[in-house]
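In what follows, one protein chain appears twice in different forms, each by itself as structure tokens: structure 1 and structure 2.
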Structure 1
Amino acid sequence: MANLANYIVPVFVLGIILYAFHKKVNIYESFLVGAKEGIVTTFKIAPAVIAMVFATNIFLNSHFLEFVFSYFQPLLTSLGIPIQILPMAMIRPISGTATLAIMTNIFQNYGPDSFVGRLASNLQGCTDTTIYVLALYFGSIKVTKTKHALQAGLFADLVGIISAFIITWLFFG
């Protein structure tokens, strides 16, 4: 399956190019037009990305989250939820790289086939970096009034975290 996954991108790219060739599109010109747009987009999102990374760095390095979840520890332990998953679940909406680092750490220390390893795998798959994506996407088009977007995103994350735990427990518990 993982080998098969290697084919996705090349097949996708080849398919697009061959189809365009068949339709007699000026492929090279099209690519240049699009690529230029990509550069423009990068500049457009730059302020939002820099702003978010700046704030995220300060927040994550303050270890405020660790402080908060030290209070939740007894509750989680009594529910049978492995404590190691909490940092990952809380950082997940903020930073993708930080989450991957924690997951790698869990794999290293407990193995990918442990309960917490499987839980981490499922958690990674079912949620995304909600706050970062919102800041990036809305920042790129300068939308500041985001209405209920954040609440909906975080609500979905919370449901995702809970269902990941229940599903892992049902399937592998």
Structure 2
Amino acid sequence: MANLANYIVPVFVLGIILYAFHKKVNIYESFLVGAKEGIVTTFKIAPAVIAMVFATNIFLNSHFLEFVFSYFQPLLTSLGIPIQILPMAMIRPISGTATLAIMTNIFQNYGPDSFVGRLASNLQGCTDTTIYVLALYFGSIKVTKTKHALQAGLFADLVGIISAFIITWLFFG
């Protein structure tokens, strides 16, 4: 079975080439057109990506989240919610890479099999990078009215956060 995985992509590419020959498509020219479109798309989305990375780094380096969460620590502790997970829950809609770094830090400090480690894993799987996706994809095609998409995405993230906590608590709490 492991060897089969090594052949999937080459067989898929060969299938595309055979299909193109059958349809009498100039494969090389089509490949160049696709590569050119890919480069153009990369340059179109680069400003949105750079802006999101810059804004996320400023926000994380300000330590604003730690300041805000310190006021809610007694309430969260009484509810059984580990305060270590809150930065990840708040940053997840903005940046997937930042939340992976937070999750790695949680794994290093508490272990992947701890409650907070399992909660971090579930949170990573139950939520998405909503604001990043809206900024990147909508920004690349110049969509400016994202009100309902943003509301729906953030609501889905909230449901994902709550679901991650409930699932982790039910299975590992």
Partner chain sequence: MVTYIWVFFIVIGSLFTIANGGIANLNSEILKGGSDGIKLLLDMLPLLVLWTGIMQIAEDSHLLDLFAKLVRPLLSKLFPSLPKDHPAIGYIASNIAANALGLGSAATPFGLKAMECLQKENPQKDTATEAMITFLVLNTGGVTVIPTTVIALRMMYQSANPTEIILTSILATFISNIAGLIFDYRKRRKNHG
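Quick note, the numbers are simply positions in structure 1, starting from 1. Whichever C-alpha set is largest while still superposing within 1.5 Å between the two forms counts as the rigid core. Everything quoted here is computed from the prediction, not taken from an experiment.
Two forms of the same chain are shown on their own. Structure 2 is the form predicted alone. In a rigid-core overlay of the protein, S30 has its C-alpha displaced by at least 2 Å between structures 1 and 2. Relative to the superposed rigid core, V159 undergoes a CA displacement smaller than 2 Å between structures 1 and 2. With the core held fixed, I17 shows a CA shift of 2 Å or greater between structures 1 and 2.
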